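For reference, the chain that follows is the form predicted alone, supplied as structure tokens.
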Amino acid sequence: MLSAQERAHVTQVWDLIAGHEAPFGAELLLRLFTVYPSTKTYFKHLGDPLDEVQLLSHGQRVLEAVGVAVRHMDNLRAALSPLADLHAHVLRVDPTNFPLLIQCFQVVLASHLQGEYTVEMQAVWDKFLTALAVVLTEKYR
């Protein structure tokens, strides 16, 4: 899936955001809800208006899942199988929402990492996050 250099880019970016999962994840979700309001239907537990503590907590869970994927790039399917089951069978999230989440995550990364998030890194992260989304949607079949 990813070359050795691409894996290094994924890890390099993750090392820059590791430890900041909650604020990055909360910003990702806020951006998702703002740009794509229909996605908020899957997050009713966050409240209306949004509960900041719940938002930070769920944002952290989202980014922790990305961290699991980073650590298990060689076997995304096995590492993310429980999460794929949850989204497909319990939460029944429409799989068309994953590309929207990827897009918003890319914007969050670019806005925070700025010059450190090069065009090459953005392309690699797009490839990596798309592979992650593919694994999460496989259980829908």
Partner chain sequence: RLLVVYPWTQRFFEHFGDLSSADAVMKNPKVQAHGKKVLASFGEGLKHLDNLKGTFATLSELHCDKLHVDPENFRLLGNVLVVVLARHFGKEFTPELQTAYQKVVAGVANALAHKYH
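Residue numbers count along the first chain shown, from 1. Treat the numbers as computed from the prediction; the structure is a model and nothing was measured.
One more form of this protein should be noted, the form predicted together with the partner chain, which is absent from this view; the next part is about it.
Residues with any non-hydrogen atom within 4.5 angstroms of the partner chain in the predicted complex fall in just one of 87-95, 28-36, 72-80, 54-62: 28-36.
Looking at D15, you'd find every heavy atom of it more than 4.5 angstroms from the partner chain in the predicted complex. When contacts are judged by a 4.5 Å heavy atom cut-off, Y117 counts as touching the partner chain in the predicted complex.
Taking the partner from the other structure, the partner chain in the predicted complex has a heavy atom within 4.5 Å of a heavy atom of S111. Mapping the unseen interface onto this chain, A123 counts among the residues with a heavy atom inside 4.5 Å of the partner chain in the predicted complex. Of all the residues from 97-111, those having a non-hydrogen atom no more than 4.5 Å from the partner chain in the predicted complex are Q103, C104, Q106, V107, A110, S111.
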